[in-house]
Structure formats: C-alpha cells, structure tokens
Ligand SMILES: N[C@@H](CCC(=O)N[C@@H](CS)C(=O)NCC(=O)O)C(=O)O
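Only one chain comes next, encoded as structure tokens, the form predicted on its own.
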C-alpha cells in the first residue's frame, strides 16, 4: 500500500491525495509536517510536502508522483495517449505551478501567517502574476476542461494551484484572478464537483 506523507494544509498534498483517489489506488495517510529532521529528509530531500512511500522507497515532488501514478495505474488516464498532447498537458500544469502558484507563494507569509514581505517583493509578485496569467491564458482550453474535452493532470494543478494563488492575490492585491475569465471560473466550479476533488475537500471538514 502507498503511504502519503504530509498535511492537508498543503495544496500539493491535497492534489496528490485527489490523484490517488482518482486512480482508485489504496493508500494510507501519514501525518508528517515539513521539517528538516533526517527521517523527513529521507522521504523528501528539501523537507517539503507531500511525499509517498512504496515498499520502503520514497518519492517527493507532486509532478514526479503524478508521473509514477500514471504509469502504475494507467486508467483512468490523466494524460492523452498522443505524446505531443500529453506533453502539452504537462506544459500547462508546469506554467500553472511555476508562473502562478509559486509566484503568488512569495507573499504567503504575509497573506496568511502574519509575517512581513518587502514592498519590492509585493510589487514584483503582482507584476509577475499578471504576466503569468497572460501566459496561462494562451494555453488554457476550458472546453470544458483545462486542456480539452477530458479531465487531465492539468485540471488537478489548476484547481489546487489557482485556489491558493487566488486567495493570496485577493488578500494582498485585491486582485481576483478569475475576474474577466468566465471560462476559468466555470472550470474551477466544475472541478470542485469532480468526485475525487470533492472527496478531498470534504475530508478537510
């Protein structure tokens, strides 16, 4: 059985949990906060969440875990069978993660943890968020899912990355990333009702 290490506070933990449910795989949740303790570093070299354990071996980084799960349990497929189309799904997921969520995350300490972020960081974050959204706009299909007619890995990244990024953006800049993007707003609402994602969100209470 797969062990899923981390905490539900992590959007990438929730994403990985949703993928495990989507694939119909048995797994056990193990509470493991992000620390620099040796046992955690053995599972996740940077001490981040989530990580998984499989027969005494460990793997970190959500995209690596998603790639493993896709090969372990090919159905339901979250990547198209066409190699180029599959690459485009991963491309979209990467841009959502790198150019939206990780950019917004620069301001996470001030947005939700009462710490301070420099004015320079705030200005750069707001500017880069606009640029990142423009980039993602070029790739999003939303017909009706992020990359086309079927749900893919990109949709799971869209739900869990845009969710956090938009919360930070609204808190810090009064900027709703969904504003003026009705297709994206509809996608987020649609994904919230998707069974595996809905199950994860319901489990948070």
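Residue numbers count along the first chain shown, from 1. Because the structure is predicted, anything quoted here is derived from the model rather than measured.
There is also a form predicted together with the ligand; it is not shown, and the following applies to it.
The chain is drawn here without the ligand; in the predicted bound form, the stretch among 167-175, 22-30, 146-154, 60-68 whose residues come within 4.5 Å of it by any heavy atom is 60-68. Of the residues 88, 105, 122, 95, just one reaches the ligand in the predicted bound form with a heavy atom at 4.5 Å or closer; this is 105.
Taking a 4.5 Å heavy atom cutoff to the ligand in the predicted bound form, the contact residue among 52, 136, 49, 158 is 49. A residue is said to contact a partner when one of its heavy atoms sits within 4.5 Å of a partner heavy atom; residue 10 meets this definition for the ligand in the predicted bound form. Interface residue remark: residue 163 is not counted as part of the site for the ligand in the predicted bound form, having no heavy atom within 4.5 Å. Scanning 21-36 for heavy atoms within 4.5 Å of the ligand in the predicted bound form gives just one residue, 34.
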